[in-house]
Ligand SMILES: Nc1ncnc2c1ncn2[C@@H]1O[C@H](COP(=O)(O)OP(=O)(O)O)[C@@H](O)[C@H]1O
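The chain below stands alone, shown as structure tokens; this is the form predicted alone.
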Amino acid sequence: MKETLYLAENEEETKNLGLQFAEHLKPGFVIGLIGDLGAGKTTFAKAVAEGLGIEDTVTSPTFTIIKEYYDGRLPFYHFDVYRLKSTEEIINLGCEEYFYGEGVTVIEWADKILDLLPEDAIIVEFKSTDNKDERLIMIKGIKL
């Protein structure tokens, strides 16, 4: 699996990486976002949506688990599985219909359901550095 490491020195650079990333996405892509609270997952997800041309306001689906957006060049399915207590919960929500559908699926806290993700899922991992604004972002599965 290809791995590429990026250093985002601030939130704007995380956003720019998400915008650039979106240019390469095709129907059926599944992207798992992994990182601590405040590491940049939602910023990146919002930028991907923007890069796909989504004009609706994208918010983290922490309490609804899944939000769907259809006004871009591809449907955008935004998951936040932080509050899931078991993998059965996401299965019961029909995750496979999203994973193997015509849109792009972005999953925050994907480390909670890695065993359910397709083999070709792209993993984006966010790590803080000693500088509170910087993030190391490792993208596994696609090279930009």
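These numbers come from a predicted model, not from an experiment. When you see a residue number, it is the position in the sequence shown, counting from 1.
A second form of this protein, the form predicted together with the ligand, is not displayed here; the remarks below concern that form.
Taking a 4.5 Å heavy atom cutoff to the ligand in the model of the complex, the contact residue among Pro27, Pro118, Gly94, Gly38 is Gly38. The partner is not drawn, yet in the model of the complex one stretch among 96-104, 38-46, 110-118, 65-73 has residues with heavy atoms inside 4.5 Å of the ligand: 38-46. Although the partner is absent here, Ala8 lies within 4.5 Å of the ligand in the model of the complex, judged by heavy atoms.
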